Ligand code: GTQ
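Only one chain is included here, represented as structure tokens and corresponding to the form predicted on its own.
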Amino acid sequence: MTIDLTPSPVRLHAVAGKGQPDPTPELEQLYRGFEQELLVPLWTQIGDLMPRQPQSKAVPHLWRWDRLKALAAQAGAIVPVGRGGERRAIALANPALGGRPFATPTLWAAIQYLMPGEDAPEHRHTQHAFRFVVEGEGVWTVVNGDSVRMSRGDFLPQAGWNWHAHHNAATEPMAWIDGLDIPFSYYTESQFFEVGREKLPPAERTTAERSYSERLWGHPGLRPVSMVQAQPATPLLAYRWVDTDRALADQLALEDEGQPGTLSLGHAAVRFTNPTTGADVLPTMRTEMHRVRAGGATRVHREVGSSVFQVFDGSGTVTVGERTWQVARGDLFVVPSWQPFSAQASGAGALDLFRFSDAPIFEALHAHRAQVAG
């Protein structure tokens, strides 16, 4: 079979309009010449290439956790975990991105499901990744030989090109969400992938309460003097829910006492950071936890770059662009670039939201912009 690698030219048409040349036979002849040489004049494309504000190809969308988990459980009974497929991970596909398994043009999010006794094989890739656990207990992730417990509310980042595997030591299945910068790596053609060992040694299948990384780095405000060099991604492999919960609760308590600390009235937020620099945990992704107290609401916020949210606890109403949804524990939704977002807690308790975004990419490019109203 012969594959035709000849590029397809962009078909140009002379159209009357503001700032456009008059349609004439000579203009049509010029456009045919452009096509033959694979050239495209800016004056026919400027509205698409340089809009007045970001026009994301993604759209706001909501995925229901109960439906995702049911399908993941069904996959657990049918689809094995092993070499080739590597992970039983089911990605969110934004309906406006042409069937690609991308939540946004830069972010990948998936539910991963591991059956009791199963092992997800060791591999590494240049894409940065994290795991966030909305429910369950009993899976350990092993990063460069360090066995790290995964429990509800825990945030577990892992920088690119680190060996990692997972094993479920419990008697029940466990599901969590994975977040990666796969689309960004895909579009920039920068990805590498390598398989690791077929089986982990017994020493790396231990289920210690605290991992090596936590014993070294998991002490707030304290840095080991033996590790003074700044690292581009966090060396701490687990940010525990007990600490996150306490930080959010303390912010709201300070607000009750008339002290500053919350992002806005009734809205507490914390950002997971790299203890060696104070910057984001991963070079391409920002991760945060937000809490909106019962009856409270966030301000309307929009920014350059996209976000994926998961409801960790509580219930409420979220508005993204022109879409409004009632959400509950586990539900995931997408906020495309420059789309306004707001949330309101509608239940008896607080609404807790986990968020990750591509903000560090745009900040590094000096292209980030945000706007807050209300």
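Throughout, we count residues from 1 along the sequence that is shown. This structure is a prediction, so every number in the text was calculated from the model and none was measured.
We do not show the form predicted together with 2,5-dihydroxybenzoic acid, though everything after this point is about it.
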> Would you say all of 112, 131 and 164 touch 2,5-dihydroxybenzoic acid in the predicted bound form, counting a heavy atom within 4.5 Å as a touch?
Replying inline: yes
> Between the options 205, 125, 299, 240, which residue brings a heavy atom to within 4.5 Å of 2,5-dihydroxybenzoic acid in the predicted bound form?
Replying inline: 125
>> Only one of 182, 175, 252, 159 gets a heavy atom within 4.5 Å of 2,5-dihydroxybenzoic acid in the predicted bound form. Which one?
In response: 182
>> residue 108 versus 2,5-dihydroxybenzoic acid, in the predicted bound form: is there a non-hydrogen atom within 4.5 Å?
In response: yes
> Would residue 89 count as touching 2,5-dihydroxybenzoic acid in the predicted bound form under a 4.5 Å heavy atom rule?
Replying inline: yes
> What stretch, of 288-296, 242-250, 164-172, 258-266, brings heavy atoms to within 4.5 Å of 2,5-dihydroxybenzoic acid in the predicted bound form?
Replying inline: 164-172
